[in-house]
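First, one chain by itself in structure tokens, the form predicted on its own.
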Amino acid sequence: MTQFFDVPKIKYEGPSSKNPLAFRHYNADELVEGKPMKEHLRFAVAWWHTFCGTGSDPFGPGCAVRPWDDGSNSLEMALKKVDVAFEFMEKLGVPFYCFHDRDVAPEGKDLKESNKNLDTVVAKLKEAQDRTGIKLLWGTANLFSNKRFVHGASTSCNADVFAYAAAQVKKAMEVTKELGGVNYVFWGGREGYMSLLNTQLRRELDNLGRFLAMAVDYRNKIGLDAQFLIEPKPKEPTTHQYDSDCAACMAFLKTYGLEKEFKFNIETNHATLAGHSMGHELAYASSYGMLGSIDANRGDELLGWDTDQFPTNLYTNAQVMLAVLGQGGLGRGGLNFDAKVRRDSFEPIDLFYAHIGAMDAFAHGLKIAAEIRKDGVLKEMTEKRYASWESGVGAQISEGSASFETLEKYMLEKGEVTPNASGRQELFEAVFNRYIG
């Protein structure tokens, strides 16, 4: 194999290891709640950040050192990155990767040439997948970078742009099928508005609904066996994006009769941009059976933009894995590291340090979550708090046999409510913290 990284295959050495190129917690075949860690976590590498990122930020150009990269956006460079990527992923030991169409293959002078470029790279991707056993977790189309999408894609004021976006997604779905992708993601990077003064909001929402319905029809037509995922984000680059959070997406899907066709791919940094915790978004999605996959990253509490940092917060990761274990796993989904090394972490080896640290942090979070579930203390405390709904008037309300009239009669006879018990938030937090350490 061509050597781009002077790094051995990363192995598990246990919690006492001081080797930065070894796992301390991620032991792929270790059983947790009866399943190997690798099946719970289903790690994926993000092609765009890991193999295309330059380390740029809003205030300066990239300074990443990538000896294999000549800086061009050529087809030859795209093909070379396939070799780089699969060597990296083999050595890291991840089972999946994710891509945008315009990240794995350069855009041509027109749609026909762009499709041809994509086909060329996909052929090499397929050969690399067959050789290594690494699979495609999900594919998607970049409908936000090219200037044709300045006003959005399916929500553009220009009908030709809607048509172009449809053609591009059609092709991306076809190559996702060719590569055996088990999910397909829709992220509305510019599906929103900058100002209401120049926006026909209802027309744009209706067109977004039409676009997604067309995608469902084409998935069924070609037999693409992939779960459709919507990735919520509230803002940036637009002032307001229509897929702002899980609640907004849920309402949208129900409005357009698409709720049975999609699940959510939830990203930590997007949740915080929406003013929510990751725990909130996961709980909301999972409670409706809509949690399909996770983009694993984090933001910076001191910065107001999408920093896409690697997820190393044990508290958050344990909460994530509690949600995943609570619904019996992610099914077709996985944990995609939609994260980029910091601008000053510019050497190739930093890509390994970042992924190893994040994989270990999630494996540690998985073990913490499993221990919390095994002890059952938090569950018992929560169930006790809601005990009034298990019998009497609470059970009548829950089963639908109560009415305003019966509830009025109940309260007139009782006179006053049973006194509230303390919520004991601080105790719950203290109990949770017992497992973090």
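Note that residue numbering begins at 1 and tracks the sequence as displayed. These numbers were taken from a predicted model, which means no experiment stands behind them.
Below, we refer to the form predicted together with a small molecule, which is not included among the displayed structures.
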Next item on the list: Answer yes if any heavy atom of residue 317 is within 4.5 Å of a heavy atom of the small molecule in the predicted bound form; otherwise answer no.
Entry: no
Note to self: Can you tell me whether residue 138 touches the small molecule? I mean in the predicted bound form, with a 4.5 angstroms heavy atom cut-off.
What the structure shows: yes
Note to self: Taking the small molecule as it sits in the predicted bound form, is residue 243 near enough to touch it, meaning that at least one heavy atom pair lies within 4.5 angstroms?
What the structure shows: no
Next item on the list: Determine whether any heavy atom of residue 187 comes within 4.5 Å of a heavy atom of the small molecule in the predicted bound form, and answer yes or no.
Entry: yes
Notebook entry, point to check: Okay, which stretch from 281-289, 86-94, 358-366, 264-272 lines the small molecule in the predicted bound form, with non-hydrogen atoms inside 4.5 Å?
Noted result: 264-272
Item checked: Check all three, 101, 177 and 219, heavy atom within 4.5 Å of the small molecule in the predicted bound form -> no
Note to self: Considering non-hydrogen atoms and a 4.5 Å limit, which listed residue (107, 259, 204, 306) is close to the small molecule in the predicted bound form?
What the structure shows: 306
